[in-house]
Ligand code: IFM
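In the block that follows, a single chain appears as structure tokens, in the form predicted on its own.
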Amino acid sequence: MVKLEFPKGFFWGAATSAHQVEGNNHNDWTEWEKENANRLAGEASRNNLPKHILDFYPDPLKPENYISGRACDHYNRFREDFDIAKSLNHNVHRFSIEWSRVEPEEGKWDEKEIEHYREVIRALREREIEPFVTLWHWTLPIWVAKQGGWENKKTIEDFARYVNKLVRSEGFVDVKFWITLNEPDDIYSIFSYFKGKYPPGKRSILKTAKVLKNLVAGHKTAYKAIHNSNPAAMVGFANNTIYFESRGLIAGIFKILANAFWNFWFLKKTLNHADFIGCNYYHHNVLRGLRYNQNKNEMITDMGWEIYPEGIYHVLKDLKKHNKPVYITENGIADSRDIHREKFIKEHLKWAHKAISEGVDVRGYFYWSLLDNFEWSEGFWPRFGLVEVDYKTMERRIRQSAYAYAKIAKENSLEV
């Protein structure tokens, strides 16, 4: 066995997002869920879903699977969940603040909800867990959605006001790590405005471009607001990265274009307004000619995603040239039987360590996710959690893979 040591002070933890775990939110996603649950259940097919999840609750073939409802009830159980994280040797946790709770109506602040998130931060610190606070993880207050969401330039100003309110409030001023936006370009903009898969469900190249432009401006205004309040803060955004691998000359050109947009466009637009790079890694994509997703898929997750740990090494190496600290802000697997997760974590960390050994300044790893949760348009059936959630009773059960990860975190090293 060889022991791979990680840098001193390395962050080990997991991530969540408010809409996926809190429960009982009221935003543009909750409205969209109600309108689309029957359709999503109807589109689900026994032939396209792993057989071993068909007996789960909620049933992926029924509409209730696609309604977030009380989710994981993390809003009420966050202390219990952080106790679990502490027991697993986590020293950092990424969570998001739900804008629709804080500002349910334009310019009207819910101080009770602000106090709630203040308590969340306090609970993490009491357990010696560093908070990484995400300000926007895809959901919008209803009033923002009605004015056109990120299509409307006014949303830039509204987002800035929301950010300013938080970062200048007691309990938030000394938060060191902030993530302004989660996967703003290739996931949110493309899935919401190009593919029409997520709310508001539009398909328009022009609107996609407008949304991207406004999100860049939104990030920059948030960055300035945070630094005006706390010059020592570390601010970045979570960038979804894909390892594109080409086969042939045409595919090589395709790869250059794919990388330029999917991995680097938003990053380059905001590089002067980023103190670190947040790297979310899930996908490897083999290109042949002008065809994509030509992967071998020798090993896949419950969601049919190829497991390709080496890819994280390549995307991290691509980020080295920017000379910024890097945090792996998401990396995880849907694995309800917990048969691949331990190896998944270890193999990804092995390749991340290789990138570190070659000079990439990686400072932390966040597994996605701490808990099983509501996975957007897929609903509850994908099980990403280190901790299993029984959605009938809300009982938490730590998976065996979580203990393997806890050992790595405790020793700050990986045996391979």
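The structure presented is a predicted model; accordingly, all values stated were derived computationally and were not measured. So that there is no doubt, residue numbering starts at 1 and follows the sequence shown.
One more form of this protein exists, namely the form predicted together with the ligand; it is left out here, but the text below deals with it.
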Options 135 to 143, 157 to 165, 85 to 93, 68 to 76; stretch whose heavy atom lies within 4.5 Å of the ligand in the model of the complex: 135 to 143
Residue (of D81, E183, E98, D335) lying close to the ligand in the model of the complex, criterion heavy atoms within 4.5 Å: E183
Listed residue (Y282, F244, Y313, Y193) with a non-hydrogen atom within 4.5 angstroms of the ligand in the model of the complex: Y282
Heavy atom of E103 within 4.5 Å of the ligand in the model of the complex: no
is_contact(W305, the ligand) in the model of the complex, heavy atom dist at most 4.5 Å: yes
Contact label in the model of the complex: E375 to the ligand, heavy atom within 4.5 Å: yes
The ligand contact in the model of the complex: F384, any heavy atom under 4.5 Å: yes
Contact set, 1 to 33 vs the ligand in the model of the complex - heavy atom within 4.5 angstroms: Q20
